[in-house]
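Okay, so here's just one chain, in structure tokens, the form predicted alone.
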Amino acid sequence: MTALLIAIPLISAFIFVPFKEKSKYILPFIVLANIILLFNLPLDTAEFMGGWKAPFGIVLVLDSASFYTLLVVNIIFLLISLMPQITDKGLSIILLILLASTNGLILTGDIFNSFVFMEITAAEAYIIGSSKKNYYGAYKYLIVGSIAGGFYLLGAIYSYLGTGSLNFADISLNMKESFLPYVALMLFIGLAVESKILPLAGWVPDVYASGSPLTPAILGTGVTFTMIYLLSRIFITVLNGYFLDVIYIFGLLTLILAEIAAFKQEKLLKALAFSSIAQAGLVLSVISLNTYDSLKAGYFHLLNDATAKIILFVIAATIVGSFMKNKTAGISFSIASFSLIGFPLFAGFRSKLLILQSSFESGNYILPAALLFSTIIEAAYLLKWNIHLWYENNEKSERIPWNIVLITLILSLFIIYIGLFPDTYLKIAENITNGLMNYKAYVTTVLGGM
């Protein structure tokens, strides 16, 4: 049954190829069917493809971490599907295949399978990235992504040489120490592109700033969430925290350098693209502290960032002129901005506070300093853009479609709700953390206590 989370969107994509003009209106129902199915699947189970038991066959693992990550990613796809105006002709088919591949990445317990799903995800992302005839940005993404894919494949090969297995649980038990540095380095390079870690995130501004609201809205939220989950699964559950100190350093550098770059941008979408890179760096540096509280804080912030970025990217790419003819959209944009900065009463304040608390408790004072420094820069450019959009005198202003205004408004009100009552997001973050850190339960689920 778990495999249907991959099969339903994949088969639907092929069925609706002849009706691609209407597929954007069918997309929400398929995503909703996936979410309903997810809630009817048993937790802490492993499904063996073809009846081949692990570690010899392909396995799909549904524990608390993969369940809640699937829930978040599928809800993101549902929200995007409810705004058909942002989906270019034929891209709904691509979104269905992308949904299938991201679900596969989250569920797979096999390193080679994760490579296959990652390549499918990348292929769909290249197509989405070429929206609005952004061929240069998509080509740049293709080159960097292809190189990264090669490194990830090498990591999978070295994993097999070091264990004789491709199964995550088996690799975590039997990896030879002499192979560990090479495996970790190769896999990190492979994942750094999609996780948006500098210097391998250079493709992001050109792709996200193409003018297509779909491109940054889905790549900067759903795909990023999936890739950070996969990186967490590999380096925390499978490699037991090995190499996290290196990821921590790269995360900090990404946070600071990307925020400085965002401050210097003269185009809103490029500023938001660098902001997206910076927040990915922050999340990965927090996760890399590898404590229960830091991992929970990292995923809490990732949830808040994904919520805010859907609002910011969609409105920034669809707004023409100022907010004076789109006051409701402008209010939503401002609320998302305030959350990203970390103003009190907004969701981002809660997660940044939790990051500071978990860092101090683990004896880390560098991350809080970097976070406070980056927040000052973030506040400067986001407030500048808000003032510009509210007070720009542009007679060519056009109204944003009502459904986009409604969805972004609901999300912005939810940001305020989470700022006041954070338990919903904290529960999701806690469940993801429990699944990632409970190494023994993962191995038992997959290998049956071997």
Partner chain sequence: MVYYISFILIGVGIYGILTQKNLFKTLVSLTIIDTAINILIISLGYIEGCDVPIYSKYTQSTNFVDPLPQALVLTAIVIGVGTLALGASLLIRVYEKYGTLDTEEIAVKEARK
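Residue numbers count along the first chain shown, from 1. In this text, all values refer to a predicted model and were calculated from it rather than measured experimentally.
FYI, the form predicted in complex with its partner chain isn't displayed, but the following is about it.
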Taking its partner chain as it sits in the model of the complex, is Phe263 in contact with it (heavy atom to heavy atom, 4.5 Å or less)? no
How about Ile366: is it within 4.5 Å of its partner chain in the model of the complex, going by heavy atoms? no
Mark Ser130 yes when one of its heavy atoms lies within 4.5 Å of a heavy atom of its partner chain in the model of the complex, and no otherwise. yes
Indicate whether Ser146 is a 4.5 Å heavy atom neighbour of its partner chain in the model of the complex. yes
Which residue among Leu372, Leu161, Leu345, Ile249 has a heavy atom within 4.5 angstroms of its partner chain in the model of the complex? Leu161
Name the residue from Leu71, Ile157, Ile331, Leu180 that puts a heavy atom within 4.5 Å of its partner chain in the model of the complex. Ile157
Tell me which of 345-353, 307-315, 216-224, 148-156 has residues with heavy atoms within 4.5 angstroms of its partner chain in the model of the complex? 148-156
Which residues from 112-138 come close to its partner chain in the model of the complex, meaning a heavy atom within 4.5 Å? Phe112, Phe115, Val116, Glu119, Ala123, Tyr126, Ile127, Ser130, Lys133, Tyr135, Tyr136, Ala138
